[in-house]
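One chain follows as structure tokens, the form predicted on its own.
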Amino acid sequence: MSQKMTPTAVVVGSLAILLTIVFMVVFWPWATMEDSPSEIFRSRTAREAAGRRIYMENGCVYCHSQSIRTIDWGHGASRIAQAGDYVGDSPILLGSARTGVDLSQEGGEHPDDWHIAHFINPRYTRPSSIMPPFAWLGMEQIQLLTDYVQGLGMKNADRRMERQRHWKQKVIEAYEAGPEYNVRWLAEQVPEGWRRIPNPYPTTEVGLARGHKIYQEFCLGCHGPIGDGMGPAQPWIYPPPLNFTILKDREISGGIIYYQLMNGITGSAMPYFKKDLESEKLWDVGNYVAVYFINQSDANGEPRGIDASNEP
């Protein structure tokens, strides 16, 4: 017996398919989701809750997710999201678009002043960012938004923030002790082995060109176009970005520059770039800074190992 495709059959069939999808994708995950808090869960403070409302009102969830998946592990994720992370959220701001970075563990990745400069104009801290500026929110709302972001990661974020506050006090003390002490103190925070390592790559035209491009994409907003620390982010950051032009004859090796680019300087607005740039790019931008701003490079100096096969 043949079955005719009548309007009723189409409507009933479509509704059945829709209800099946809703049941499998929405109801079943909700019904089976555990409601016990995860090991990092904590309730939000009043300021964090207020910042969350600002986050939702301004559509931040449309570009930023708050859910690290198993497939994201290779991108530097520090923790896979768990259902118990979201028991206090209504609505849950997982997000699906990853136009911007995932924020689920953003708290404590940067100090507050970095975030304030970033919200005022993202190009100040990330020159190639496509995120719109939020200076129009006003400082009070920007500070609330910063409080919210600094709480993302909950107990993990609290530990990172404790580390930021600890080192913030030390980097301020070093900066206020004067340029000579500050430069020496910053270098002393680098492990001794790194301090003796020269930049292993010879200075080449292509290497400097690559370093210039990387500097423009990641560094210019804070350190400025001539490396004097007077980029557009400078008014919002304290201590201000390092002035590279004062580093000549202060025993700043390629290894010191590389280590600080790789690991950042916790407590300051200098972030780490070990998840953004692979090794050679870190050496290249370090040598660009050494050649053009410090006017002193140890590239391809002693002690040397075996040259790489592609070195001139």
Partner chain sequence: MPGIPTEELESHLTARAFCLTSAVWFALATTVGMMAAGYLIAPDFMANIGFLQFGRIRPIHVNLVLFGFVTPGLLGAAHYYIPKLMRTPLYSQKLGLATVILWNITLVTGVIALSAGHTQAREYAELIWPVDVMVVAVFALVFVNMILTIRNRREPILYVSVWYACAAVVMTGTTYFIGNVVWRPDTGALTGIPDAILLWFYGHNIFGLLLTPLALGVAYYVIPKVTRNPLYSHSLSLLGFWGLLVVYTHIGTHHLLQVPVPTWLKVIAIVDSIAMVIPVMVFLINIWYTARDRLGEIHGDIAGKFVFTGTILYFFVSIQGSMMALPQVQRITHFNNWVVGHAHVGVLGFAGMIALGGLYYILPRITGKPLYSRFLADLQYWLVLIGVSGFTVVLTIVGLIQGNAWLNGETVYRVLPEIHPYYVLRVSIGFLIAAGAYVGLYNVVRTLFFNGETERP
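Given the structure is predicted, the values throughout are model-derived calculations rather than measurements. Positions refer to the first chain, counted from 1. Throughout, rigid core stands for the largest set of C-alpha atoms superposing within 1.5 Å between the two forms.
One more form of this protein exists, namely the form predicted together with its partner chain; it is left out here, but the text below deals with it.
- Only one listed stretch (159-167, 145-153, 198-206, 217-225) carries heavy atoms within 4.5 Å of its partner chain in the predicted bound form, and that stretch is 217-225.
- With the partner omitted from this view, the residue of L93, A187, I172, M230 that lies near its partner chain in the predicted bound form is L93 [heavy atom within 4.5 Å].
- Site residues N243, I252 and Q260 are none of them in contact with its partner chain in the predicted bound form, judged by any heavy atom within 4.5 Å.
- Taking the partner from the other structure, its partner chain in the predicted bound form has a heavy atom within 4.5 Å of a heavy atom of Q82.
- Y86 belongs to the set of residues with a heavy atom inside 4.5 Å of its partner chain in the predicted bound form.
- Although the partner is absent here, S128 sits close enough that one of its heavy atoms falls within 4.5 Å of its partner chain in the predicted bound form.
- In the predicted bound form, its partner chain sits within 4.5 Å of a heavy atom belonging to M5.
- Contacts with its partner chain in the predicted bound form, taken as any heavy atom within 4.5 Å, map within 117-142 to N121, R123, R126, P127, S128, S129, I130, M131, P132, P133, F134, A135, W136.
- In this overlay on the rigid core, S14 has a C-alpha that sits 2 Å or more away from its partner position between this form and the one not shown.
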